[in-house]
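Only one chain is shown below, in C-alpha cells, and it's the form predicted alone.
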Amino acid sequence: MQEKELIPHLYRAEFRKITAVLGKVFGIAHIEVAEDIVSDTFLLAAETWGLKGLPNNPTAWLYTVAKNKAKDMLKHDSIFNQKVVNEIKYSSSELHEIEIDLSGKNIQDSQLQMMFAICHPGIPAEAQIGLSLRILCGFGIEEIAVAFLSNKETINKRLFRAREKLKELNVKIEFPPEAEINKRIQNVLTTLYLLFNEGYYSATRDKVLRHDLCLEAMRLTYMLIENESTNKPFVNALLSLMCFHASRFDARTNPKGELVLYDEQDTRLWDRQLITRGEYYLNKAATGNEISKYHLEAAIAYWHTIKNNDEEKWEKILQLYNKLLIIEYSPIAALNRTYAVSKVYGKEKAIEEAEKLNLNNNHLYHTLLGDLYFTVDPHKALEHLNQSLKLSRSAADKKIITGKIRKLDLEKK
C-alpha cells in the first residue's frame, strides 16, 4: 500500500485507539489535547514518510511518536502539567513516571471506558453521536458534518459544548461499578442504535459514508460483546438487529442511488453471511428472563429476511410489533405496525388503525395512507401523497413519493 493510501487507512484505524488511551491519561477535561497530539502525529507522519519513505512498522512508529509527544507535554508544559495534577489522580512527581500503555488490551479497555464517558446522559444524543464519531470512530469533522447534513463550524461548536459539559460534570473515563452496568449501558446502547440509524436511514447521498457509519456502530457494539462485564443478552440483540438490517444495505438502493422499497428489493443482493451472523447473535440474546426492545426489533428484522411464507411472516411481525409497543411505545413503531396489519387483515383494517395515530405532521404517515388508499380510494390516496410531498425533506423520499403520484395518475386514466 502506498503512503498516500496508507495514512488515511491508518488514521481511521489508529486515531481512535491512541486518542482513547491518551484521553484516559489526561482526563475528559483535556480530550482535545489528546486529539491534537494524535493529529500532530499523523501530520508528522505525512511529512516524514513522504521524504524518507515508509518505516518498517508504520503503526509502531505512530504509537512511539504519539507517546513521546504526550510525555514531552507532561514534562515540559508546566501550565498543562499543573492542570492535570489538579484535575486527575496523579501527583506532580507521578506525572513524570506515567507509562503510556498502547498494548492491545489497554487500547480495548480505554475505548470501552471512553464509550461510557461519551454516552453520558448529561449531554444531548446528537452530541453523544458526534463525539462517538470523532473519538471512538476516528471520523474527521468534515465527515461528521456530511453525516449530519451540517457544516464544520456547527459541528465544531456542538462538540466543543459537549466536551465542556462533560468537563463540568466531572465525568470519569472508567467502567461503571458492576452493579450499575445494566443501568449505564442502556445509554451507550441508545447512542450506538442512533449511530447505526444515522447511517442506515441517512439522507446523505454518500453511500460509502453511510455504510461506514453502520459498520462503526457494529464494531463498537461488538466491543461490548467481547468484554465479559458488558456481554449482556440485550447487547447481543442489538448487534443481531444491526446485522439483519445491514444485510439488506446493498438492496436498498438501485444503481442510480435511488431508494428501493422493501417489497421491490432484489433479494439476491441480501448478504446471507450477515443474516447468519444476525441469527447467531439473536440466539445468544435468548438467555435470561429479560426481553428488551432490541430483542423484539431484532426478531422483526429477522422475519424481514425471510423470503417466502408471507402469511406466517407477517403474522409473526404483527405479534412482535404488538409486544414492542407494550414495552416501549413509539409513533413510528405504531406506524410500521399498521403496514403489518395490512398484510394480515387487509388495507381497510390497516387504514382504520393508521388513522387512529393521527400523525398529521409526519410525511411517512401520509405516505403509508397514500399506499393503503391506492386501490381503496384513489382521491384520498392522492391527497395523502401530496401532503407527504409537502412534509418530506429528503430528496430521495420526494422522488419516491413523486413516482407514486405519477403511478396513481396513470391508474386513474
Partner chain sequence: MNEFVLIFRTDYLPEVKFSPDEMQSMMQHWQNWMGGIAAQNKLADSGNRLGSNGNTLQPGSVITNGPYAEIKEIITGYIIIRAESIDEAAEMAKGCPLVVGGGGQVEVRNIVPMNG
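Numbering follows the first chain given and starts at 1. Here the structure is a predicted model, which means the values were calculated and not measured.
Although not depicted, the form predicted together with the partner chain is the subject of the following passage.
Using a 4.5 angstroms threshold between heavy atoms, residue 318 counts as touching the partner chain in the model of the complex. When contacts are judged by a 4.5 Å heavy atom cut-off, residue 329 counts as touching the partner chain in the model of the complex. The closest heavy atom approach of residue 33 to the partner chain in the model of the complex falls outside 4.5 Å. Among residues of the shown chain, residue 357 is one whose heavy atoms approach the partner chain to within 4.5 Å in the model of the complex. Contact with the partner chain in the model of the complex, defined as any heavy atom within 4.5 Å, is confined among 140 to 148, 310 to 318, 182 to 190, 116 to 124 to 310 to 318. 334 is the sole member of 334, 100, 173, 107 with a non-hydrogen atom lying within 4.5 angstroms of the partner chain in the model of the complex. Checking 231, 276, 322, 154 against the partner chain in the model of the complex, a heavy atom within 4.5 Å turns up for just one residue: 322. Residues of 123 to 148 placing a heavy atom within 4.5 Å of the partner chain in the model of the complex: none.
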